[in-house]
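First comes one chain, alone, set out as structure tokens in the form predicted alone.
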Amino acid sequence: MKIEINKLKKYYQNKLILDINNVVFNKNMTYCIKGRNGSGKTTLLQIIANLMLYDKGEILYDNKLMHYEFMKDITYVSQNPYIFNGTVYDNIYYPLKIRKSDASKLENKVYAYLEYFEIDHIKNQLAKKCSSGEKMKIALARSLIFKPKLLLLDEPTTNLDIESIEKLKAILLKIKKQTTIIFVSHQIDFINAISDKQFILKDTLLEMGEKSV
């Protein structure tokens, strides 16, 4: 999914916090947005995800304004991910359920993601009672299982151990040719491993960045 942002402005309590003239995120590319804490990175991701309103400008999704049909192809994972009621299995199957997928045919797919993120041993546990690291794995598995066209990740390595970060890196590298990925991260190795291009959000402006060192 191609994303184009034109003359976007976002205010908070009458203060301009985002001022983006024109930025294009091309289809099936991976982009990292960097910037200091409080620079508006999370706000920008949430605006692109259609979870927050903006005040001026427009965002085009495959050259069209947001339409509810696009929402089924977009997923957003917060650094403090939302967890649904129910078991770990229920959470990961949820995107397939709302898309009316056949549970019997896709059960193996759910188990594959449970095993990949090493949470198969807690599949029947209530997800809201899991640790922070387990919740992030649940959210990542849930976001990846339906193969979104646009994947938005806010600090996806938060609370993950080194092995889990490597697994996340591997799966993102595997899907990046079929999915547009826009992510926020401070972890240099992770950024350099998966990003095709990097942007820096500074003083409300989004500018092309350089390779992290």
Partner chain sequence: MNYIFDGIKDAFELIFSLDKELYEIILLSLFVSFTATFISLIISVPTGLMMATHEFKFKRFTSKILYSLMGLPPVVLGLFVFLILARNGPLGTFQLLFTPSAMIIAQVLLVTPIITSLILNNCSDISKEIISTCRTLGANRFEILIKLIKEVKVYLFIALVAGFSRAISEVGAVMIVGGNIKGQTRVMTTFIALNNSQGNYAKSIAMGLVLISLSFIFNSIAYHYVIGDKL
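Numbering follows the first chain given and starts at 1. Computed from a predicted structure; not experimentally measured.
Although not depicted, the form predicted together with the partner chain is the subject of the following passage.
From the candidate stretches 165-173, 23-31, 45-53, 181-189, select the single one in contact with the partner chain in the model of the complex, where contact means a heavy atom within 4.5 Å. Only one stretch qualifies here: 45-53.
At the 4.5 Å heavy atom threshold, is Arg99 in contact with the partner chain in the model of the complex? Arg99 belongs to the contact set for the partner chain.
Quick check on Tyr111: any heavy atom within 4.5 Å of the partner chain in the model of the complex? The answer is no: Tyr111 has no heavy atom within 4.5 Å of the partner chain.
Would you please decide whether Lys137 lies within 4.5 angstroms of the partner chain in the model of the complex, comparing each non-hydrogen atom pair? Flag for Lys137 set to no.
Touches the partner chain in the model of the complex: Lys105 (any heavy atom, 4.5 Å): Lys105: no, not in contact with the partner chain in the model of the complex.
What are the residues of 107-122, in order along the chain, with a heavy atom within 4.5 Å of the partner chain in the model of the complex? The stretch 107-122, when checked against the partner chain in the model of the complex, contributes no residue at the 4.5 Å heavy-atom cut-off.
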